[in-house]
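For this one, two forms of the same chain are given in structure tokens, first as structure 1 and then as structure 2.
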Structure 1
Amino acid sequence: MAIAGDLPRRRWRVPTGALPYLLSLPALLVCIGILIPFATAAWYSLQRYRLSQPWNRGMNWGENYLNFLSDPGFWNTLQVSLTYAFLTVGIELVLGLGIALLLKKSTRLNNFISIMLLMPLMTAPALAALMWKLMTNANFGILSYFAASIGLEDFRWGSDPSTALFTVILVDVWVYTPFIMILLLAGLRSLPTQPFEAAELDGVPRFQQFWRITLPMLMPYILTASLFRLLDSIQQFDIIYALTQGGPGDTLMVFQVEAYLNFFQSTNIGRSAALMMILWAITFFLSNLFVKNWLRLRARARGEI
């Protein structure tokens, strides 16, 4: 006679056909969480919507976008955003690649140096900007002291329109160069050694090895690092806002800062949302451009084209 406690327990199993849908559920939830704010911003961008004038809210069907065409402030924002993004990414690529080449050989010293160089990346960008704001203070900042010691008296740093862009780029380069360095260092150390050994046997100079072997093989890593940094730089907010709040004047009025000021100071929700939609369109175009080039390089490496 069987005892009830000895009966085998039935285990609940997920039907095989439902398993793919169950595994994709988290991605679907994240996608929904992204699309809801995106659709809300797109809807607000087509409205005449100010928090200070709730009675005047209504659809203007693209008037916010049309106003940008005749707005010098918008074109200044576009120019500043693109200039800032391309300058920071270009400088960080050159520095990151140079440091990665110096640390290419895997030794204890090089590994220790690479870990130490990652320290700025561990600092919150807004906090890094505040640190640099203190260091560039005209009264007690150490960088202002060093500038004065080499003859740059009363160097204004972020408070002068002629040097403000230089200052925020300096902070961005300090924070994010380690990101590009570590990506390119991983790429360099993963490259096959056979082409370099053959080049050494043939007596190919080091510069030619870098230009004809290292750089082409490293290009997918360079494009990947450039894409991540470019999309982040063109959406920069925390460093610029913490350091200069978009000033002096509109010298550093990038998209994110202008949208923030339009929302919280001018309470112009429609214009702020329209700025964000234009920024999304720019990032979408740039990301597609980079991905297409990356796929083309991968196909060439595989001999498919």
Structure 2
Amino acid sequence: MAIAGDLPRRRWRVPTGALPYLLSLPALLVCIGILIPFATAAWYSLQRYRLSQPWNRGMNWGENYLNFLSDPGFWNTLQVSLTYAFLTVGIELVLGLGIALLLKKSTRLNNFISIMLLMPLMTAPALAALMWKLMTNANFGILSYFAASIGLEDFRWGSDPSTALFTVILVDVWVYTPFIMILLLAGLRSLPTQPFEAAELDGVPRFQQFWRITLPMLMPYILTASLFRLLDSIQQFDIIYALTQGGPGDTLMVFQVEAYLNFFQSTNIGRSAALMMILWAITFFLSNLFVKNWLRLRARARGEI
């Protein structure tokens, strides 16, 4: 018997070689649109350009960058940004690893807790900052009340230069520790069990098991998670802007807040763009490191290595 139907011949055909380009073209076009402002920013960073003085606009080539060398504001920005980034990531890493170890065993309670802990991470950082702003409000904030009740009568949280950094870091830790925790937990649970069983049989103390087996095997996850966070943290804007707008004074003038205020308040576009270019250079370096680790982890998750 012959089958009645015939394969319909296609009326129009996409050449096989062109197909992937056609599929990715729309996404590409959207992105090219985004690359233009990037080039513009690089161009502005080489200009003397203040919105308030349009007549004075002109190329000054590297002058914006050169000025940074003798600009205490810039060094403050660099220092605050780096301090913020390394402190937050360091604290979050230690806490996240600790919590992941606590939750390692896959019990119903542990899984429930780990899901609950995702809630801060899913809260918009700007809104999280607002929540903490309310909690540290001097009139009714619960944290201010606690601080007062343990004798810290004049603890003014975000509005005091000496405690502002602590406050924003606290919020950052609240939001982002779960990120590190959840990645490390996934890592911990994916580790092979044989090395641990062998160590158990050999009577290796559990503390040593942690240093000799768990930590080295978890390293790819730790590196990926930390670099990921470092990349975000050095660019932190939402939490700091929502909580203190970079203040009090210039205590919390991290890169993006400084660039934002330069642009919109002092309308010094040249300086703002130069600041962002420097931040971009830092993140570019970090992201290259990150992508390498991330790809290795991705290949492993897909069972390719």
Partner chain sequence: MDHATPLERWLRGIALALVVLFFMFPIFWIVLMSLQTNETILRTPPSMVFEPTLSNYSAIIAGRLDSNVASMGIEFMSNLKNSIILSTFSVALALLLGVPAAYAFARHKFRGSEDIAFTLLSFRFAPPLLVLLPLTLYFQQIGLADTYVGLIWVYQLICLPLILWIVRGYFEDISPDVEHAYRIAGHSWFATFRRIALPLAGPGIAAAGLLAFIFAWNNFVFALVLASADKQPVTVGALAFVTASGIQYGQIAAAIVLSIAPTLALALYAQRYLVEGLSLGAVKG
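Definition used throughout: the rigid core is the maximal C-alpha set that superposes within 1.5 Å between two forms. These figures come from a predicted structure and were not determined experimentally. Numbers follow structure 1, counted from its first residue as 1.
As summarised for this chain, the first structure is the form predicted alone, and the second is not. For residue 295, the displacement of the CA atom between structures 1 and 2, after superposition on the rigid core, amounts to 8.8 Å.
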